[in-house]
Structure formats: C-alpha cells, structure tokens
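Next up: just one chain, as structure tokens, the form predicted alone.
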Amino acid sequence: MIRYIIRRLLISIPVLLVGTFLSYVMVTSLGDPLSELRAKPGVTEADVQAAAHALGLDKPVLVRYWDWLTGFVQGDWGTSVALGTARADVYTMVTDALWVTVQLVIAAQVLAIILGVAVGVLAAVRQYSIFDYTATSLAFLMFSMPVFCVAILLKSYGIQLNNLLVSLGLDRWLTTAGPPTGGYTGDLGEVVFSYTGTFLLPTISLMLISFAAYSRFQRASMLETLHSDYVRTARAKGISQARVIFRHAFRNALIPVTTLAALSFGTLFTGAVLTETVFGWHGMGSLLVTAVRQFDPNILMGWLVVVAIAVVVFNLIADILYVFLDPRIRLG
C-alpha cells in the first residue's frame, strides 16, 4: 500500500503542474489587474508601466508562471495586486480563509455523511415504506433547491428566532453576520452558546444538500448489495437480519458513498462561496468573490491550487478506504 500511495502522489505531481499552468494562463488572460490603477485620476501611462514592471506583469506568460511556481513551492504565493500595489501576502490570506472554511466544510460533511448513510440504509432496508417515501421526497426537495436559497431561508428563520428570543427577554443565539470579531470569550457555557449559534445555520445550509446526495447514493447502493448473491447466501445460512445488513452488506454499500464524499470535500468549497456570502463569513468563498471582483490573479491561483490539492488528496484517501471496505480490492 505504501508503494501505491507513493506512486499516486508521484502521478499527481504532473497532473497538478498541467492544471496549474492551464489555470494560470486562463486566469492571467481574463483581465487587467491594473485596470483600477489606470482609472485613477492623475495616473500616467508611465506610472502604470512602472507598477507593471514592479509586479512582473510585463514578463512573458511562461516566465511569469515559472516565477509563480518556484515561489509557490517555497511558500511565497505572491501578494495581492488588485490595485497595482503589494497590499497583502496571498499565502496568509488563503490559509486564514482556508481555516475558516475547513471548519464549516468538515462539520457539514461529517453530519451529512452520518445522517445520509443512516437514512439511506434504513430507507433501503424498509423499501417502499412511509419512511422510504419521506426520505426520498426530502432528498429530491433538497436537490431541487439551490444552495443560496437554502442559506437565505435559514438566515431568515434565524433572524425571526433571534427576535423571538429577545421578545422573551433572552439573548440572541444564532449569528447571521459572521463569527464574532473578538473571538469566543466568557466561561465554558457562554463559549458553547456563542460557538453553536455561529456555526449552526451555515453548517446546516451546507449539510442539507450533501445529505440529499449521500442518502440517495447509499439507498441505491444498499439495495443493490442486499440483492446480491452472497447476501442471499448469508440469509440462507440462517444468519440474523442485523448481521446480514451490517456485517455483509453495509461495508460494500459504502464504496460509492466514499467516492462521492471524496469528491464533495473538494467541490464543497464551491457551495461555501454562496453560503459564506449569505452569512458574512470571511473564508475561501468570500475570498474567491473578492478576488474575482477585483481581479487579483495571485489570489485566484492560490484558491484554485488549494482546491485542486484537496481533490487529489481526498481521492487518494478514498482509494485507500476501498481496501478496508472491501478486502477483494487490491491496490496494485
């Protein structure tokens, strides 16, 4: 397995190189990062050329990509160039935003996987029951609703709940405008109260869409496994229903969900863009919106590379988990 992991990591290097090069070419060709500088009154063309030279924007694309790549692997991801001046370190901006988003993504994914797998297994075992129809209807409802609609609805209900608590003489609980700037202070009870109120709505917003996908995939996979030959053989031997489900069918039925979860951990950053914008979080989502609005190529490249690495890493983790879920699978 160690040899397989090393080989996969080595294969991922040229894939990431090609991906970063194509991304760099596309990002740098989308617009002019000095457009805001050009629009300022009193700025001459000489000033623009001097800023372009200071930022290395007057070099050929290949040279600029090589400079960016060599700096990136050494931890120098460049600086924000949206206004034609070095404003902030991109590495610090991306890593700070990544930590904010990771807290949301991990919590939402863990809840979605647990609930989705449990509901999917129960719906498959009780096929065509009221629970199955209810779970199917809920999943289709979540599929049909865009992420931003779910986030806006939850935010609206959160504001109404806060108003109700205030009318009862209690403190507001749910935070709808981002985490507290001063952090979480007070005793343990106050910290838990503030922490849960801050994370609850955006986490549920991200969790609901993923939950719908996991439950449907788990149900379909579980139904297919329950009708397989080895499961019928286990039942014919007189093995109890619970042991047939959890010992023989459940592990194999997790394989498609594992693949979906590996892809979702990377692509969930896209959903976080809308969720963070609605709830006022300054994570990877809001960072991407800011970089696109101001057209900052260095921030865009940092964002894209982090997401690409996340997809590669989580797909590798999924491949390794296959072996533990199904011993018949061998990593060559």
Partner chain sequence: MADLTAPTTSGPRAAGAHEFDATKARSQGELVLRRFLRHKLAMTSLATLVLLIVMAYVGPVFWAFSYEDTSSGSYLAPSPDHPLGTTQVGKDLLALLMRGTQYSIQIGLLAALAATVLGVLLGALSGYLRGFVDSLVNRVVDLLLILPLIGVAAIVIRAISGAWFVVALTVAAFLWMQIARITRGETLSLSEREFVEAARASGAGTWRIILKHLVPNMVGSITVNATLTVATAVLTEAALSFLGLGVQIPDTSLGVIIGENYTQVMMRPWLFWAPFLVLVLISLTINFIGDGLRDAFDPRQTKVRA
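Residue numbers count along the first chain shown, from 1. Everything quoted here is computed from the prediction, not taken from an experiment.
The form predicted together with the partner chain is left out here; the points below concern that form.
Val43, Leu30, Ala50, Leu62: which sits within 4.5 Å of the partner chain in the predicted complex by any heavy atom?
-> Partner contact (heavy atom, 4.5 Å) among the options: Leu30.
Interface residue in the predicted complex among Val191, Ile114, Met145, Leu170, criterion: non-hydrogen atom within 4.5 angstroms of the partner chain = For this set of options, the contacting one is Met145.
Do Leu141 and the partner chain share at least one heavy atom pair within 4.5 Å in the predicted complex?
-> Yes, contact at 4.5 Å.
Determine whether any heavy atom of Tyr230 comes within 4.5 Å of a heavy atom of the partner chain in the predicted complex, and answer yes or no.
-> Tyr230: no contact with the partner chain in the predicted complex.
4.5 Å heavy atom contact, Ile317 and the partner chain in the predicted complex | No - in the predicted complex, heavy atoms of Ile317 and the partner chain never come within 4.5 Å of each other.
Using the partner position in the predicted complex, report whether Trp303 sits within 4.5 Å of the partner chain, counting heavy atoms only.
-> Heavy-atom contact with the partner chain at 4.5 Å: present for Trp303.
At 4.5 angstroms, heavy atoms only, are Phe72, Met93 and Val100 all close to the partner chain in the predicted complex?
-> No.
For 146-169: residues with a non-hydrogen atom within 4.5 angstroms of the partner chain in the predicted complex?
-> Residues within 4.5 Å: Pro146, Phe148, Cys149, Ile152, Leu153, Ser156, Tyr157, Ile159, Gln160.
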